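In structure tokens, one chain follows: the form predicted alone.
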Amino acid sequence: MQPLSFPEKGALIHEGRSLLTDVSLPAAVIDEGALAHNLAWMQRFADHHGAKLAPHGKTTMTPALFRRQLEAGAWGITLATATQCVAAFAHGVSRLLMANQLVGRPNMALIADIIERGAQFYCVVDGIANVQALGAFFAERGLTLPILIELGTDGGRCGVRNERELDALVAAIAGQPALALAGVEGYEGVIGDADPVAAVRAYGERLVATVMALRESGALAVEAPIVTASGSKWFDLIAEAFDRADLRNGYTPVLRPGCYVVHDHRLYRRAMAEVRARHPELQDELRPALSVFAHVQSLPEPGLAIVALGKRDISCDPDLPLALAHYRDGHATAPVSEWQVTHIMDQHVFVTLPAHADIAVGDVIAFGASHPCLTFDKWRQLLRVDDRLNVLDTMPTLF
């Protein structure tokens, strides 16, 4: 007898390709139509604003999606950690922007290894001690490390807070021959203010003014310095700042949204509505592409369904999952707009139902969620499907 093989969750079990009848549910699913639309939409947006696109790969850590983003025109892929960068490089991503500080000799060694193998790599710095450690390590390896200065905000996350800190950091970098100052980086998603739109716009202007001042001072080591920011909520405001400064010539403005590739059904869908309100001239909008399908496993009392899905399968931060559709015998049934997720546990979702709901154990429900990053990292593979819910391929992740 051969050893028993065990599939990943969300795996095709039968020879057919139907998500509803041939896959071991729950399964994380990406709709090809919405995916293709989102890839083209965001690339077109960046191109229109004269910006490069370096999508944040930590959202998906899915090489198949990295390839699609690069094929659509992305300049590079953004990552958050040294190991993520190595994984992306091993799967064909040659330009890597690590929007984080590179700290610790083992992590520096990982990056040095991929630079020696041809990676074009950038990371960020915001402190003199880190600059000195990086300078010493990469000098030992006989390599030059391109770096970006991170600009922070009071009460925010990382980054220099003021001009005094900036000047001291620039001077420290100048004293490290193994480091090449290539531009300025920031992240506007942590800005908290009574008027967040105004605050993000001001931050974008600060980023642009800083990179221009550094170039004027002769501190930069590259001809077309990078200026980069933008998560998935305020990307339009950062693009505005790039546009107003007319950075198309002489600079490399880079937008870094990540969640756009599959969008979502709540958090970023609301953010997209705000983008459309600020820019009514935009054609169309991003579309939710990611959902998770699961079986109804119990109907323990009237008006309540328990679904075989939980925190280990789908994000519940900052919102509970949203019931999208109901299927029986491979076919969609009546709308589920009145079905409400009220509670989620490790492997169970509670769905309250109206009295007239027609539901049975073994039926399938599709769910949407907020913040796709926190759904992707629960899966070792996702299924890409067509509009008939036929599985087109299986996409491994690298978490």
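Start at 1 and count along the sequence shown; that's the residue number. Everything numeric here is computed off the predicted structure, so don't read it as measured data.
Not pictured, yet referred to below: the form predicted together with a further copy of the same chain.
None of 198 to 206, 214 to 222, 295 to 303, 279 to 287 except one has non-hydrogen atoms within 4.5 angstroms of a further copy of the same chain in the predicted complex; the exception is 295 to 303. Contact annotation: Asn100 falls within 4.5 Å of a further copy of the same chain in the predicted complex, judged by heavy atom distances.
Using a 4.5 angstroms limit between non-hydrogen atoms, Asp236 is distant from a further copy of the same chain in the predicted complex. Shown alone here, Ala40 lies farther than 4.5 Å from a further copy of the same chain in the predicted complex, counting heavy atoms only.
In the predicted complex, a further copy of the same chain sits within 4.5 Å of a heavy atom belonging to Asp346. His91 is the sole member of Arg248, Arg269, Arg244, His91 with a non-hydrogen atom within 4.5 Å of a further copy of the same chain in the predicted complex.
Residues of 311 to 343 that come within 4.5 Å of a further copy of the same chain in the predicted complex, judged by any heavy atom, are Lys311, Arg312, Asp317 in sequence order.
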